[in-house]
Structure formats: structure tokens, C-alpha cells
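In C-alpha cells, the next block holds one chain alone, the form predicted on its own.
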């Protein structure tokens, strides 16, 4: 029986798909530091599903927000479980992104046309911080309310963009009913769309530009082997996803989410503090002159995005950027840990 042209085209398309998913990827992706790129994607999927479920019950108005969270936590069937998974997933996502950025920084994986991947990854990281903050504020108990006040005050004092950012977040000079609605819209509409665009762009950049080469700065590292994306690498990512899901479920079962007293604008919470991922910045601007501290934060963000180009400029002039990055990474991790623990212990 003769084969039609349509069957040949269909077969060709299938072959292309098979070739695509079975492309070779470097063996170093088997090592755990290089799985940190896939983990945030899995956590984002958990966030998306649990977040959609909670929007069915959450009411973004000051006089109803706290009660709706209380109902989700204590009244709605498995509401506490969904909220606990959502809360833990966003914290783990921020932590895994932070570790991933540190790994990329140390290995200088932003080199060799990797600048676009770094910029998109940095955008994902800071968008995740915004996700964490807006979700933290929506609980609207007294601690999260005053934490929202603290963080928006910090944002409002940033040089140049502070005033505009404050008005954008609060909907006015002070925290009001408009603030909660704006944060809800950011958390459920703008930020999800933005992070999906950034994640898609990052995946496409990795696909088009390829994976960073391992050991470009270590002459002793031999040429590594390759393995298929499917099924080898896909199965590894699947196993990591299952283990991660089991871990999250276990932690939520052991430590279910709680809820403090309702927000009270007239009574400052005794244990008010921003979320842990902002604790280091908050402590920093409280122990140094405020203007200098905020200027340093702005400068750090600018240098963070621009660092691949700084690396290129300095390396062309003979600077050993491998040692520079190791030194900067060690110092940053130590300072971040000390400031974070200092603030958390204080509370």
C-alpha cells in the first residue's frame, strides 16, 4: 500500500518532536546544585494551583479579608492544607531561587551569551519576592498588616522611585482599603502574568542559547558526557518533583498554618517584622543611616542586574573573576544570614 504525502509529513513531524525531546543535555545537570533551576518551576505550579483554589473563598476587602482567611484555615474542608501548601511553596520558591542565583553567580554561568538568562532569572527572583510580600499582606492579621506597613515604608524611602512606588502600592499616602485591593490585584493578576512571561522567556533562552558549560574556569575539569533530556533528565526532574511534594505535604501536616489576631491599625503588633526574605534588608537600614542604607540597597539591585557586563569588563582586563565571585558570594551569604537571624531572633 502506497504511503501518502500527508503520512510522510506526519511522520516527519513526529520524528522532529522525538528528536526535540531526546536532545542531549550535559551530565552535570545530574548533580543537585544544577537541579535548583527546575525546583522553582515545580513550586510555581503548586503555587498556581493552590492560589486559584483559595481565590474561590478569599474576599479582598478589609472588613472581610481576615474572616475569609480564618474560614479557609479553620472551616473550609482541607482549606488549612491548601493554605499551608501555598505558604510553604512560596517560601521554598524564594529560597531555591536564591540558591540557584548563588550557584549561577559562583560558576559564572551568565557568561558566553548567558546574560539574557541572568537578566530573566533576576526578574523571576524579584517578582517572586513581590509574590511573597503581597501574599503575606493578604492574610490581614495584625502581624501581616504591620509587616505590610513596614515594607511599604521601606519601599517609599527608596531614592528616586520610592514615592511613586509607595503611592502605587498603597493607593495613597497611608495604608487603607485601597491598599489591600491593590495588593490582591497584583498578587492574582499582574504578578502571575509577569512571572509566566519571564519563566517562558527564561526557558526559551536556555533552549536557544543552550546550557552553560561546566568548568570553564577550572582547567582540571575534563570534558563531560551527555545524556538524553527524555527519558533520563525528565525522570530525574519527575523524581525531584515527587520528593518535593512529599516534603511539602509532610511539613504542612506537622506544622499546619496558623492565624493571629485581626489587623488593628491602632495597635502595633508586638512582634511586627517583615517576611524573612526582607529581614536582612530591614535590619540593614535600621543599623546604618537610613538614607545611606537605602541608597546601598538600590545600588545593590542595579549591580545585581548589571553584573554579567561588569564581569565581562573586568575579565577582559585580567581580573580573576572566579576568585572575585567566590569572595563576593561568601561575604553576601554570611552577611545575609547574620542580618536575617539578627532580625528574626529580635522578634
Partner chain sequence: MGVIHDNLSRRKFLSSAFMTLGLSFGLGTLFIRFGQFLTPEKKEKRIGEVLIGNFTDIPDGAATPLEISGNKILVVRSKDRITAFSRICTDLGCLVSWDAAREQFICPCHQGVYDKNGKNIAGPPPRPLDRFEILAKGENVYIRV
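Just so it is clear, the structure is predicted and the values come from calculations on it, not from any experiment. Numbering follows the first chain given and starts at 1.
Separately, the form predicted in complex with the partner chain exists; it is not shown, and the next lines address it.
Novice: Sort through 242-250, 93-101, 116-124, 195-203 and report the only stretch with a non-hydrogen atom within 4.5 Å of the partner chain in the model of the complex.
Specialist: Contact-bearing stretch, as computed: 242-250.
Novice: Sort through 138, 82, 191, 175 and report the residue having a heavy atom within 4.5 Å of the partner chain in the model of the complex.
Specialist: Looking at the other structure, the residue within range turns out to be 82.
Novice: Which residue among 61, 295, 57, 309 has a heavy atom within 4.5 angstroms of the partner chain in the model of the complex?
Specialist: Of 61, 295, 57, 309, the residue with a heavy atom within 4.5 Å of the partner chain in the model of the complex is 57.
Novice: Quick check on residue 208: any heavy atom within 4.5 Å of the partner chain in the model of the complex?
Specialist: Answer no; every heavy atom of residue 208 is more than 4.5 Å from the partner chain in the model of the complex.
Novice: Would residue 49 count as a contact of the partner chain in the model of the complex, using a 4.5 angstroms cut-off between non-hydrogen atoms?
Specialist: Yes, residue 49 sits close enough to the partner chain in the model of the complex that at least one of its heavy atoms falls within 4.5 Å.
Novice: Would residue 76 count as touching the partner chain in the model of the complex under a 4.5 Å heavy atom rule?
Specialist: Taking the distances in the model of the complex, the answer for residue 76 is yes, it comes within 4.5 Å of the partner chain.
Novice: Is residue 53 one of the residues lying within 4.5 Å of the partner chain in the model of the complex, judged by heavy atom distances?
Specialist: Yes, residue 53 is a contact residue.
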